[in-house]
Ligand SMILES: Cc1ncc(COP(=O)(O)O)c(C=O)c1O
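In the form predicted on its own, a lone chain appears below as structure tokens.
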Amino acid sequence: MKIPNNPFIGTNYIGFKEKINVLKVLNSKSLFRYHGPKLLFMTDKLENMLKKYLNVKYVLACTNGASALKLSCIAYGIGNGDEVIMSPFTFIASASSVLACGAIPKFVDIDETMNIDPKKIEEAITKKTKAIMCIHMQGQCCDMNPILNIAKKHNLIIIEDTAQAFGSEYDNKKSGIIGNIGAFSLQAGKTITCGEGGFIATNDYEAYQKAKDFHDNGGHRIGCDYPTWTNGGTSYGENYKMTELQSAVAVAQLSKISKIINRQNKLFEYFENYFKNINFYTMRPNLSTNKNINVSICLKFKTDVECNDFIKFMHENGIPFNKYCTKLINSYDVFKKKQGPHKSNYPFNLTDVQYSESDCPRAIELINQTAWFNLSSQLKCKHVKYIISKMEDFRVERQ
């Protein structure tokens, strides 16, 4: 039996609404969000829908999740000489956004939830620490309450990297609006998608406006007027504007988000019910405060060998359980060799910045002892029953 392993959740829901919206924009011949012969304001519509869904004051659509992270750093003045605390169990974009601003990531270990360990954060804070980046991995929020308390105590900014968790909740609040600012992705493998694309969300007007100006080449734009760089408060920036075509797809996708989340969580329930009745497998723990968007199954084993044996067994039966990754990002060349894309090795060459390697032994242990399975929205009952039957075979064989 061929088991669906497609991680592209939102992509599987592309249909009539997306096609109609795209055709409307193409027929309008107005693909740029601020100008065109018959502008449909799809990007404005997307931002307004997101504000309502998240219950947040300000949303800014942008080119992708990485640009959303950089804009979040820019919005709060993170730059040369600053440190941002984060987990190394993530995609490199989380750290790249910090480096691109001239700041340095400070890596902190994770706990059993596979998110940053709040108990390890305070000991990593220095006089250079400016922010904590909370990376909500695979649909599950970090434990935000203790992190909020630490941030308040030390006057730190909280940036939420919500790329993998759009639609999840912590303590009855949507992820991404719990801290100072949230960065989201609309890339192909996310809850909803327009291929690429992203956005930031915040209740802080000054931060929003600073990010908005920077994403528009640094100019200050009112409505659809041409931006100005001579109002006494502007600087320079980069071009991170989302197109109307991307927004057309995202608007249709957002209208389906409840259906998407319910489907993912229903799939997860089938597996969860199985695990409740046995004590052989250990699932990734979920905080009582959390409502996840379940995008994967994560199983923790006692040893690397047992985990590898399980993965091998499942592969032999056509079931693609895998390691999530084999290396943490703090082992990448950029950190091991302190090298950047320019020969100066910026920002590691800055005299007031000292990058020091961080030991994250628990993260290394956990990535070696966990097996992950994508909860593809293409899974059907027959697939789930087959997977569970093979998991039961492995359990019986080992007990």
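Just count from 1 along the sequence shown to find any residue number. Because the structure is a prediction, the values reported are computed rather than measured.
The form predicted in complex with this ligand is left out here; the points below concern that form.
- Only one of 246-254, 186-194, 275-283, 294-302 places residue heavy atoms within 4.5 angstroms of this ligand in the predicted complex, namely 186-194.
- For the residues A201, A163, V84, I74, the 4.5 Å heavy atom test against this ligand in the predicted complex is passed only by A163.
- Of the residues given (I329, I150, A93, M314), A93 alone sits with a heavy atom within 4.5 Å of this ligand in the predicted complex.
- In the predicted complex, at least one heavy atom of I135 sits within 4.5 Å of a heavy atom of this ligand.
- Looking at N64, you'd find a heavy atom of it within 4.5 angstroms of this ligand in the predicted complex.
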